[in-house]
Structure formats: C-alpha cells, structure tokens
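Next up: the same protein chain in two forms, each one alone, written as structure tokens (structure 1, then structure 2).
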Structure 1
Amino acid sequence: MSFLTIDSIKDRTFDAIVVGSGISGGWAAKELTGKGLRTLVLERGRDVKHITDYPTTLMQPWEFAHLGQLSKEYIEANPVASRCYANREDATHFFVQDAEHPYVQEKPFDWIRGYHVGGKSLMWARGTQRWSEYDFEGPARDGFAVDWPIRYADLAPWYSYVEKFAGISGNKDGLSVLPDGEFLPPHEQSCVEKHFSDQMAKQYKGTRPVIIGRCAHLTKPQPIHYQQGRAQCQNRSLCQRGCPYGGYFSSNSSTLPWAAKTGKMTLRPDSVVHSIIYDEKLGKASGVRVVDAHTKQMTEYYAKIIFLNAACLNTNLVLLNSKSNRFPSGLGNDNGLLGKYVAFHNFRTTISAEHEGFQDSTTAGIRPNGSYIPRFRNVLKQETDFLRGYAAGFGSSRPTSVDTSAMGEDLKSSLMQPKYGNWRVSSHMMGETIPKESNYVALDSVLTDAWGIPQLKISVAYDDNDEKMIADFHEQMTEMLTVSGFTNIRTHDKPDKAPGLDIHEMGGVRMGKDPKTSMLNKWNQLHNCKNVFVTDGACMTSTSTQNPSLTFMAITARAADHAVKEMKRGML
C-alpha cells in the first residue's frame, strides 16, 4: 500500500503547475515546457482540440437554424452570456451557461467566461496594441493606485518576443503613445478611414492619429507560424467559432500544441482548481487542490512553482480560497488588499455618423480588424477634469439596402438590386478606469458552486471619472467627425450597460514595489509566497487604454523566464 501511495504522489508531482489554459496560461505552458520543466496544465472546462473541436467553423451562414440569432429560450436562460457581442448561434458552445457557473452581483457585472481548453483566447476580439511608457508611469504621475514596479523598457523585449511567435499585424506608426512592434503587414484602411486620418493630421497637427488596428492575425505567415501548423488568415471574420487555419492567435492553435511537442506538458481538462496548498514548514506553496469537474473528487498535485492564470477574477477567487493558518484570508494576503483595486475598460458608449462623399467607392471583402484612435487625452499633461483617457475603435462600411415596400415580382426584383447608401462610420470608446479599493471581489460567505467552491461576489461599478470621460468622448469625437465632414452624428450611451461586457477586467492581485501596498513583486511573484506567480489580468496595477491581452502574454513570458532562472539558482 505504501508503495502505491508513494507512486501516486510521484505521478502527481511536476516541476511546474499552470492553472488555466487561456491566453496567459498557454504562454506559461509554452515557456515553462520549452525550458525543460515537466509542467501540468490544469483547465476547469472540457478539452477543445484545434480544428477537431470547432464544430461550427466550416458551416455556411444558411446552415444555421436561426441565421446566427440566439433563441429566446437561450437568452432567457443566459441573460449575462447572451449579452456578449461574440456569443451568437455559431459560438454558444464556447460560452459558459449562466446557471452552471453562478456568481453574486453585489453590483451589476456581466462576467463573460469561456471554460474550456484555450479559454477566451478562442473568442477574443484579437486587438493587440502595446502599452506605452505613459501607461506604466500613469499611477506614479497621476497619483492613483500604486506605482508599477516595471516600466515599458522592462517589457519591450518581451513584447517583441511574443509578437514574433503569435503573429501580429500592424503598421509602424512611430507613436510614443502606442509603441511599434514586430509587425506582419497591416490591414488596409478604407477610403473614408484614410480621409478621417488625413483630416485629423491637418486639423490636429498630428496629435490625433487614426491608424489601422494592430491585431493577432497572420496576414503573412512566417516560418515560425508554419512550424506551429498555422496558415494565413482567410478574412472570414468568423473567429468566435475557432479558426481551422490558425489564422488568428489562440492557445489552441499556437502555444498549447507547441508546449505539447516538447513532451513535457500534461494537460488535464475538467480540473477545477479549488485552492493552492501552502506548506508552513517549507514556507512556500507545494501544490494545488483540484476538484474533478465530473466526479467532484478532490486530488492534490504538487510542484515547485505554480503559475496562476485562471483569468483575472478566477485567479482572485483561487487565491482568496487558498486559506491556511499562515494566510487565513487568502494566500499572500497579509495586507488585506487581495481582491481589491479591480478595474476594467469603459466600453459603454459609441458614436456613429455618415459621410455623403466617396459615392463612387466602396469596400470589397471582409477585414477582421478596424481602425484605431490611440489615446490623445491627458497624455503629456493633465488637460481635463478627469484622470487618464480613452482610445477608440473606428470602423466604416458602405451598406446596401433594398426597397421592401412592394409585394410579389416587384419586391423580388428590388431584392435583386441592392442600392448603396452613404458611407457609415462608428466608433466605440475604450476608456481607462481607475483602480479603486471600493471596486473589489470577495468570497460569498454562504453560497457555493457545484464543486463546493465559494461563489465570487463582484462589486464593481463606474464612477464620476468614467462619466466625465464619456462626456468628453462624445464632445471630442463629435468635433473630430464634424471638422472632417461627417454628418448625422449620433452618440449612443447605454447607462444601463454593466461593467464586465468589455471583458477587460484587471487587478485584484496587483503588482507593486511595496508588500504593504501590493500583492506581487516586479517578477509577478507573490511578495509573501515567492513560488506562486500571477501573470494574467489579475496582476495589472492599472489598466491603460489599450487592449490588455498582448501585455498579459509579454508579462507571462518574462515571469516564466525569471522563474526558471530562479529555480536553477535554487531560490524557489
């Protein structure tokens, strides 16, 4: 018997454990296995193998019973999940059902989750802008949150490193507010986007550029991408189904198969992580407790280092639930800050307009990307009555319409003759929200989920700073569109839209220099438990105005490199 037990423990012991298989977990898996570590990757949801497990990916639009629309029954059963723009009839199998994964909304918060191998890297919108010096210096300059323990220069080489492997398309625009990266060829801007860009250059003397978005699509695959088994993006823009070409970056198509090829990765789907085991004698974490998603049985797995990449709020949940005599209120939580200072991006408002010119032009084909207006507010100095700023997405189209007033053959013939209307443009705001102690997550003291784990209580809301920023976006964008000759300009704020739908939640386990005011050091190690690394959205000290995923990737690769060096020095 004792032999069996010893063997069993040996079987459950690895060099490293990675919790989560999404964008950051996939990178942790790739880096740690690539450096020779036997790595266990735990994923709470089912396995999703690249191509094989994308059941809708090659379906034609007319093959869907409701042409993509969600059924009434589904919407009623899943009010939260159905509000996500990417959750359509072709992708519901990648979104968690509300009832299966309950949480407590102390304030309204739409928590969008993908519980399966690959996580949200399968359904993300793929915007990959680097953060700039202004973002990492923000808290120190503006006096909110705490100072980041790193600067852009610390991350720049790691941005390059992950960009080359993931494949990022973009244009070298030479902007300090949005540093250039290792780009594949950019997508094209439409004539109306170029027009707007030209007008902005003239009217605002280069301070408000309108550039093509940077995104994780293989516009021109390089040998490293072919080695991953990926091919050129086919411009289908059906990414939420999973891409059979590997045309966009996902853990499933890129980092996980790469990690698997090393022979060092053990991937365990259906493994819900309950907590991290803290060994008081060793003074560090020794492993994790895992609840089998189906049998509900608990098993322990052991490793020298643990990377926590469960996605921002779930990473908070796991740490809060990792209670021990040494850490009664959650692992590493001596200062009581765990779960606090959660922030996100404000996507609450949009603006639309038309252009009556360019009547003889249109676009052809599909572009899985849009134009982008980098942050131009409060960059060099504080010029408004709100902190920080916003970036904006900007897109254009030349829609056609048909006259539907008739009936019979007349109707049919007008359906065969779509007519072009004016060019239409729209822009969505992506505002930086300020991390605050009052925006927090905590464990519910009573409610648990089906796996016996306390439900997460989320208390996150907009504040006055966000309202002022929305008003400024309306005002500035209206002015910018007006001077550029657009008409029929309309703002569309949705005051009822809860935070969360941006799917850019960050913080709760923030990085910082001082253990008294932060949870993680500059290498993403828990100040008070150095062999636990947090490198997903939970680690972010502030939120920038750019999409965060590329930064999660770069931070993860950097931390993994440090972790392995420290292990080799016998420090972990």
Structure 2
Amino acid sequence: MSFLTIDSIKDRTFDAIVVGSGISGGWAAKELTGKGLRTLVLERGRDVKHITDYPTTLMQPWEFAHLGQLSKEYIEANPVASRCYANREDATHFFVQDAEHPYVQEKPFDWIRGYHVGGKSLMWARGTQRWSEYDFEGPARDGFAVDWPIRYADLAPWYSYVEKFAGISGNKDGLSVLPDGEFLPPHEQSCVEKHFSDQMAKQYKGTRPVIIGRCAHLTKPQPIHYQQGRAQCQNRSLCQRGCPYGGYFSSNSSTLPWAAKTGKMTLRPDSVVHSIIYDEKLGKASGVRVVDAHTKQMTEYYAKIIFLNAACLNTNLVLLNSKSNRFPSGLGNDNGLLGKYVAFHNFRTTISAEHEGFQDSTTAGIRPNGSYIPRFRNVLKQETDFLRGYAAGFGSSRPTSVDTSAMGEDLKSSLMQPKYGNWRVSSHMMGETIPKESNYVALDSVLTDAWGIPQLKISVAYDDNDEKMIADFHEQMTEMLTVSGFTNIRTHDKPDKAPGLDIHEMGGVRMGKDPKTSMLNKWNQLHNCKNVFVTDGACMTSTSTQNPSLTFMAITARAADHAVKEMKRGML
C-alpha cells in the first residue's frame, strides 16, 4: 500500500506548476516546457481546444436566435457579464455566469472573467503597446506609490522576443512615449483618421500624434507563425468567437499548443486552485492544493517552482487563501500589503463628432483595429492638477441609411442604393489610475464559493484624480477636434459606471525593491518565498496608459528564464 502512495505522489510531482492558462499562463507554459521542465498547467475552467471548441465562429447572423443580441433573460441573470462590450450572443459561452461565481462588491465593481483553457486571451481587444521609460519611472518621478524595480531597458529585449512569436502589427512611429517594436505591417487609417493625424501634426507640432493602433493580428505571417499552425488575419472582426485561423494571438492558438509539442506539458482543466502549500522545514512552497471542479475532491500537486498566473484578482485570492503557521495572513504577506494597491484603467468616458468633408470616400471591408492617441499629458513635466495621464482610442465610420418604406422592385432598388451620412468619429479615454492602499481586495470572512473557497471582497473605486483626468480629456479632445474641422462634438460620461469593465485590473502583489513596501522582487519572485513567481496583472506596480497584456507576456518570459537558471544553480 505504501508503494502505491509513493507512486501516487510521484505521479503528482512536476518540475514546475503554472496556475492559469490565459495570456501570461500560456507564456509561462511555453517558456518552462521549452527549457525542458515537466510542467503542470492548471486551469479552473473547462477545456477549449483551438478551432474545434469555437462553436459560433462560422455562424451567420440569421443563425442566432436573437440575431447576435443578448436576450432579456440572459441580461437579467447576468447583470455584470452582460455589461461587457465583447459579450454578445455569439460569445456568451466564454463568459462566466454571474450566479455560479459570486463575489462581494464592497464598492461596485464589474469583474469580467473567462474560466476556460485560454482564459481571457480568447476575449481580449488585442491592443499591444510597449510601455515606455516614462511609465516605469512614473512612481519615482511623482513620488506616488513605490518605485518599479525594473526599467524599460530590462524589458526591451523581452518585448522583442514575445512580439516576434505572437505577431504584432504596427507602424514604427519613433515616439519616446510609445517605443517601437518588432512589427508586422500596420493596418491602414481611414481618410478621416489620416486627416485628424495631419491636423494634429500641424496644430500641435508633433506633440500629439494620432497613429494606427498596434495589435496582435497577423497582417503578414512569418515562418514562426506558420509553424504554430496560424494563418493571416481575415479581417472578419468576429474575434470574440475565437479565431479558427489563429489570425490573432491567443494561448489556445499559439503558446499552449507550442508547449504541448515539447511533450513536457500536462494540461489539467477543471482544476480550481485552493491554495499554495508552504513547507516550513524547507522554507519554500512545495506545491498546490486543487479542488476538482466537478467532484469537489481535493488533490495536492508538487513542484520545485510555481508560476501564479490566475489573472490579477484570482492570483490575489489564491495567495490570500494560502495560509500557514509561517504566513497566517497569506503567502509572503509579512508586510500586510497583499491585496492592496489595486488599480485599473479608466475607460469611463468617450467623445464623438462628425466631419462634413470626404463625401466622396467611404471605407472598404472591415478592420479589427483602430487609431490610437498616445499619452501627451504630464510626460516630460507635471503640467496639470492631476497625476499621470491618459491615452485614447480613436475610430471612424460612415453610417448608411436605407428607405424601407417601399415594396417590391422599389424596395430592392432602395436597398441596393444606401444613402451615406457624414463621417462620424469617436474616442475613448484610457486613463491611468493611481494605486492606493484604499483600493484593495480581501477574503470574505463568511461567504464561500461552490468549492469551499472564500469569496473575494472587492473594494475599488474612482477618485478625485480620475475625475480631473476625465474633465481634461473632454477639454483637450474638444479643442483637438474643433481645430481639425469636426462638428457636432459631444462628450459622454457615465459617472455611475463601475470600475472593472476595462478588464485591466492590476496590482495587489506589486513588484518593488524593498520587501517592506512590496511583495515581489525584480524577477517577480515573492520576497519571502523565492520559488513562487507572480507574472500576471497582480505583479504590476503602476498601470501606465498603454494596454498591459504585452507587458504581461514580456515579464513572464523574463521571469521564466530567470527561474530556470536559478533552478539549475540549485537556488530554488
């Protein structure tokens, strides 16, 4: 009997464990298996296989019961998930059901989650910009929050590394605030976007560029992408369904199958991680406790190193729930900072306008990307009464209208000759929120989920800095659109819109130089438990104005490289 026990433990022992299979978890799996480590990848949700598990990807609009719209019943049952911009009738199967995964909103917060293999890498908007030196210097420059332990130069080679593999389209714009990368050919701006870009260059002398967005779409696949089994983006703009062509980067189409080809990866879906096991004799983590999603049976798995990539807030939850005699308030939490200094991006407000020119032009086809206005406020000096700044998305379209009042041939003729209206443009703000101790997550002391794990209590809100930034965005964008000849300019703010719908939550397990003021060192290791690495959004010290996913990828690849080197040196 004892031999059976020994064999069972051996079967549950790996070189590395990765918790989570989303964007950062997929990269951890790829890097660790690629360097020869037998790696267990744990995913709390169901399996989703590339192509075969995208059930709506080739469906036509008329094949949906509600023509693509969410039903009244779904919205009433899922008030949080239904508010997400990407959640339509063709994608509801990738969003968690509100009732099945409850959490405590100490303050209103829309927590958007995708519990399945691939996680939110199947649901993201695919914006992929590098962070700049200004972003990593931000906290040190204005003295708010702690200094990052790394700078842009530390990540630059890893940005290049992940960009070449993932496939990022963009234009080399030569902007210090938005470093160039290893780009595939860019998408093309519309004539109105080019006009706005030209006007900004003329009116603001190059200080407020309007560029084509940088995104994770294969505009011209390279041999490394074909080796992954991926093909060119078809510009369908049905990305939320899962892309059967692998036209955009996801864990399912790229990093996970690449890791599987090594023969070193064991993928275990339906595995809800309860906590990390801390061995007090060894002075380090020895494995994880996992609850089977269906049987509710708990099993332990063991490894020398653990990468925690459960997505920002769930990573906080797992660490908070990893209690031991050594760490009674959560793994590595000697300083009491675990779960604190959570921040996000402020997407609360938009602005729209029209342009009466370019009546002889319209768009052709679809483009899964938009234009982008990099941060221009408080870059070289503090020039406003709020900290940090904002970037903005910018898009254009020319709507059509059709007279459907006729019948027969007249109706057919009318349908074939739609009338074009004026060009319309819109822009959404992407504001950097400031990490604060008062924005935190914690475990509820009473409520648990279906797997016996404490529910997460979220207490995150906007502050006065965010309100000032919104007002400045309205003022500056109105001025920029006015001098560029746009009319009917309207601002749209939703003060009652809760944080969370940006899906860019970061922090709670922040990096830093000092164990007294941070949770992780410059290699993403817990200061007080060196064989546990956190490389998803939870590790972020501040939030920049750029999308964070590319930085998650680069940080993960860098940390995995360090972890393997340390293992070989016998230091982990």
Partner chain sequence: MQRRSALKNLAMTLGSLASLPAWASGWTPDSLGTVSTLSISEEALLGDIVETFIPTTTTPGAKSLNVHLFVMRMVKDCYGEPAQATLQKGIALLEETSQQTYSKPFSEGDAAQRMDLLAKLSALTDPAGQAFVSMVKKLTIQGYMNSEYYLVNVEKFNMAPGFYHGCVPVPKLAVNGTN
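Being a predicted model, the structure only gives us computed values, none of them experimental. Whichever C-alpha set is largest while still superposing within 1.5 Å between the two forms counts as the rigid core. The first residue in the sequence of structure 1 is number 1, and each one after it adds one.
Looking at both, which one would you say is the form predicted together with the partner chain?
That would be structure 1, which is the form predicted together with the partner chain.
After a rigid core superposition, would you say the CA of residue 282 moves by 2 angstroms or more between structure 1 and structure 2, or not?
For residue 282, whose C-alpha is compared between structure 1 and structure 2 after core superposition, the shift is less than 2 Å.
Has the Cα of residue 363 moved 2 Å or more between structure 1 and structure 2, judged after a core fit?
No, its C-alpha moves less than 2 Å.
On a rigid core superposition, would residue 72 pass a 2 Å threshold for CA movement between structure 1 and structure 2?
It does not, since the residue 72 C-alpha is displaced less than 2 Å between structure 1 and structure 2 after the core fit.
With the core fitted, just quote the Cα shift at residue 412 between structure 1 and structure 2, in angstrom to one decimal.
A shift of 6.2 Å at the C-alpha.
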